[in-house]
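One chain is shown next in structure tokens, namely the form predicted on its own.
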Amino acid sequence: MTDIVERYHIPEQHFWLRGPRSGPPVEHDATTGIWNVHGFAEAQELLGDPATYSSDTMRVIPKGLMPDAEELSLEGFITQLDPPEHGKLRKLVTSAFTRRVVAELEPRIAALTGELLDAAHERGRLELVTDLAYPLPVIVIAELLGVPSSDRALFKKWADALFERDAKISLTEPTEKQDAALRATLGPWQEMSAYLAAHAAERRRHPRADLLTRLVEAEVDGERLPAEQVVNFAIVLLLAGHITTTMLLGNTVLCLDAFPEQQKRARADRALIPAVIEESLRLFTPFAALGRATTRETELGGVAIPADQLIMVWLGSANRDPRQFPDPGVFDPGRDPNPHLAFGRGIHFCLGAPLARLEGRVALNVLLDRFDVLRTDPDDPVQFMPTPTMTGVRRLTLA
């Protein structure tokens, strides 16, 4: 991977992309107070045991590192919920992301891809993220949710403010940089909450056939969801519903640029495209880390972990564990099986995985149809997102 690191100027904090690790699969970082899980088997075990490893990480974050509930409420934020509340909320929208329902979106995704590439062609060049990888999934999820896709510049502003930060998480020393990053996210979060709250209120008055109406009208245990829960659920759908595909598309094109022989194979045999996408997800895992909190003292990978500890599960590192993936730094779409954890595992397995895979497959096929070769522009270097827990390009211009 040394050549790729240097070629694409991969940030130092993306350690999982910078060659094999020498440390143990589970270790404690005394400087930050956080436990880190890097091994595949250990990550798989942890994600499959929500009773021991809770998604409610906020309860172990020191108060000084989190804003007050009045400033930032995570009520109903599904990625922070454990059973049984998690299952009840997830069930509300599961039917909107079944393989059958998602498959019906293929013509719309193909048409959008063509329109976006036509517009880029008229401008004379294609910067993949701005021209395709960002607008394509955000238009699709906005249409499903029922908010105007024409507001996507707003969505991007909020997503950038929330995700494109290079501050390292620490529980031991609240640094000025960490505090400044937290403060900087509050404004955009509150703007997004107010925006979605206004649309939710409008759905209460005038229901439509969209996901937002479904959330507004949904009942759990015989009661409608509180407005705050509706908004927080909508935030997850809007953000997670596009950013994974944005990173997936950019990363897959990057893989095909770095491994041209695999690009030739995929171009000649389009049946290989799904495997190309799966291997891209393994090699350049978009959401490279997830947080969990122990509910009791436990043992993982032969290491004793006390109760109420914050754990970072490094999916990007686990997906390169040589105990599971031979030659983990090689882009090999022929891996079979390829049980990567890019979409997580267990009860929190990514709800939108079928949609992300479809968007990736359709867009990649159209790109291969339109470009004789997918090659990055040497005069416009690839730029990676600086966020320590995410793997994705924020700029990738095709030559």
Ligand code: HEM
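We call the rigid core whatever largest set of C-alpha positions still superposes within 1.5 Å between the two forms. All residue numbers are counted from 1 along the displayed sequence. In this text, all values refer to a predicted model and were calculated from it rather than measured experimentally.
Beyond what is shown, the protein has a form predicted in complex with protoporphyrin IX containing FE (HEM); the following relates to that form.
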property: Listed range touching protoporphyrin IX containing FE (HEM), judged in the predicted complex by heavy atoms within 4.5 Å, from 299-307, 219-227, 124-132, 90-98; result: 90-98
property: The single option of 146, 241, 316, 328 touching protoporphyrin IX containing FE (HEM) in the predicted complex, heavy atom within 4.5 Å; result: 241
property: Interface residue in the predicted complex among 293, 78, 109, 231, criterion: non-hydrogen atom within 4.5 angstroms of protoporphyrin IX containing FE (HEM); result: 78
property: is_contact(residue 155, protoporphyrin IX containing FE (HEM)) in the predicted complex, heavy atom dist at most 4.5 Å; result: no
property: Partner contact for residue 86 in the predicted complex: protoporphyrin IX containing FE (HEM), 4.5 angstroms, heavy atom; result: yes
property: Touches protoporphyrin IX containing FE (HEM) in the predicted complex: residue 344 (any heavy atom, 4.5 Å); result: yes
property: Proximity of residue 252 to protoporphyrin IX containing FE (HEM) in the predicted complex, heavy atoms at 4.5 Å; result: no
property: Residues within stretch 273-296 having a non-hydrogen atom within 4.5 Å of protoporphyrin IX containing FE (HEM) in the predicted complex; result: 281, 286, 287, 290, 292
property: Displaced residue check between this form and the one not shown: residue 255, CA, 2 Å or over, core reference; result: no
property: Large Cα move at residue 215 between this form and the one not shown, threshold 2 Å, rigid core; result: yes
